[in-house]
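This document opens with one chain alone, in structure tokens, the form predicted alone.
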Amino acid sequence: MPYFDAASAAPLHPVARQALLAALDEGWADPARLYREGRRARLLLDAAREAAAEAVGCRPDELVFTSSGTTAVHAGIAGALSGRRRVGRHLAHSAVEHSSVLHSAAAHEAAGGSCTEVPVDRFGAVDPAAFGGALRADTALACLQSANHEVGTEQPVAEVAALCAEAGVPLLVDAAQSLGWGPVPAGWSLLTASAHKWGGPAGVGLLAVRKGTRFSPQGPAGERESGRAPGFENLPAIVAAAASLRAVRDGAEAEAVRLRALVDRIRGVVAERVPDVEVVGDPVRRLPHLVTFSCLYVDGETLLHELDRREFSVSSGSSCTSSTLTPSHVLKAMGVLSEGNVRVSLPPGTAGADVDRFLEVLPDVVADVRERLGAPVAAPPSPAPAASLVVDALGRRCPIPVIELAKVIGEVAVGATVTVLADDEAARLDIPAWCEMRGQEYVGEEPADRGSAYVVRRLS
């Protein structure tokens, strides 16, 4: 069964498996002890730290292992903010950061701090000048991911790092999605990553803090990992994570070329064979293995279930496939369609034949889902167009409000409006996105007795 969700968790690398089994036998003792078994465990831990630091591009004594990438982010942000509390309590971050960054930002605001969210363009990238403009005299920390986890867009880390350095602000880079493909551009002050993103075992994160960066670990003090990651080290998993990172990076250049060609094929064929689809994310400055596209008039959960029935494991940023039923903050920030969203992220070793079969299956799956939902088909214009129409989609989840809008847009005169009544949060994103895709004018949102009224003007 083809697994196309490496951005969530990559399959365990064979080197990680071998290293994990070996370390279970050799690295079970406490590396802080001076007897023989402890010294052997310490040698394994030191070797793992050196290998990981080499891949990150930092000194071994600047890197600690945490229990997850999320823990690394939380510890990194909290420690940097506390270390620079005399400078101020302002945090700047992009609108498309991983939820771990956003949760840390929310906790910081709840504790009396302030945050600035830097917007992104329709590709999901920040403008370095806009990011630099968000830095203030009281900015204690800036956060920018190296590449986006949902659409694959690479961020201008080097340019933003230069602006942060000029302003005297440390930059934390979340490199979870990109570290397996290569080092992060220089200039960062703190870096975080997660082993299961590159084929290491789950439960291992990295936190690197450059020398000279003011940092004050938060929470109860610990004796291990420089006091920045309390608790007993999971040494077998750490050894496996470091070994697999080195192995993955050794073959990353050649595999990136191969997977980029497969992703280019997906980008082109999906746009050609599936009507009413938008491929999102930067077409050039992006991760080599990841592509995301959004299909009009498709329910994301149904689409993923149907692909799973055909033995393809993919992911989505659709609200219907998330645990919170709220639209993806990444797609929202980009202003693109949130429903019918499919993320394909190919693990190393993906066969071209599996990609070809996916492209053969996808058009029929999308067509079947649309037919089930009653999506509109091309119809002749109404002989007597109305001056305006109101569509009541209250109590119905997207993509139904968009489908109902599409069904009636041809029934009003050019220049006339359709008002859609909806109380689903996704409609706030998807109706403007539909207008962008179909060349109609989104007039705006108005208050209604229930939910909101979204006004669309027919232009063609």
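Throughout, we count residues from 1 along the sequence that is shown. Computed from a prediction, not measured in an experiment: that's the story for all the values here.
Omitted here: the form predicted together with another copy of the chain. The next part is about that form.
Visitor: With the partner absent here, would S82, A147 and R258 each sit within 4.5 Å of another copy of the chain in the predicted complex, counting heavy atoms only?
Guide: Spot residues vs another copy of the chain: no contact at all.
Visitor: Exactly one of E301, E117, D127, E225 has a non-hydrogen atom within 4.5 Å of another copy of the chain in the predicted complex; which residue is it?
Guide: Contact residue from the list: E301.
Visitor: Considering non-hydrogen atoms and a 4.5 Å limit, which listed residue (P363, P183, P230, P156) is close to another copy of the chain in the predicted complex?
Guide: After the contact test, the surviving option is P230.
Visitor: R89 versus another copy of the chain, in the predicted complex: is there a non-hydrogen atom within 4.5 Å?
Guide: R89: no contact with another copy of the chain in the predicted complex.
Visitor: Taking heavy atoms only, is G112 within 4.5 angstroms of another copy of the chain in the predicted complex?
Guide: G112: no contact with another copy of the chain in the predicted complex.
Visitor: Quick one: does A107 come within 4.5 Å of another copy of the chain in the predicted complex, counting heavy atoms only?
Guide: A107 belongs to the contact set for another copy of the chain.
Visitor: With the partner left out here, check for me: in the predicted complex, does some heavy atom of F312 sit within 4.5 Å of another copy of the chain?
Guide: It does: once another copy of the chain is placed as it appears in the predicted complex, F312 has a heavy atom within 4.5 Å of it.
Visitor: At 4.5 Å between heavy atoms, only one of the stretches 31 to 39, 56 to 64, 418 to 426, 395 to 403 reaches another copy of the chain in the predicted complex; which one is it?
Guide: Only one stretch qualifies here: 31 to 39.
Visitor: Can you name the residues of 1 to 26 that have a non-hydrogen atom within 4.5 angstroms of another copy of the chain in the predicted complex?
Guide: In sequence order, M1, P2, Y3, D5, S8, A9, A10, P11, L12, R17, L20, L21, L24, D25 come within 4.5 Å of the partner.
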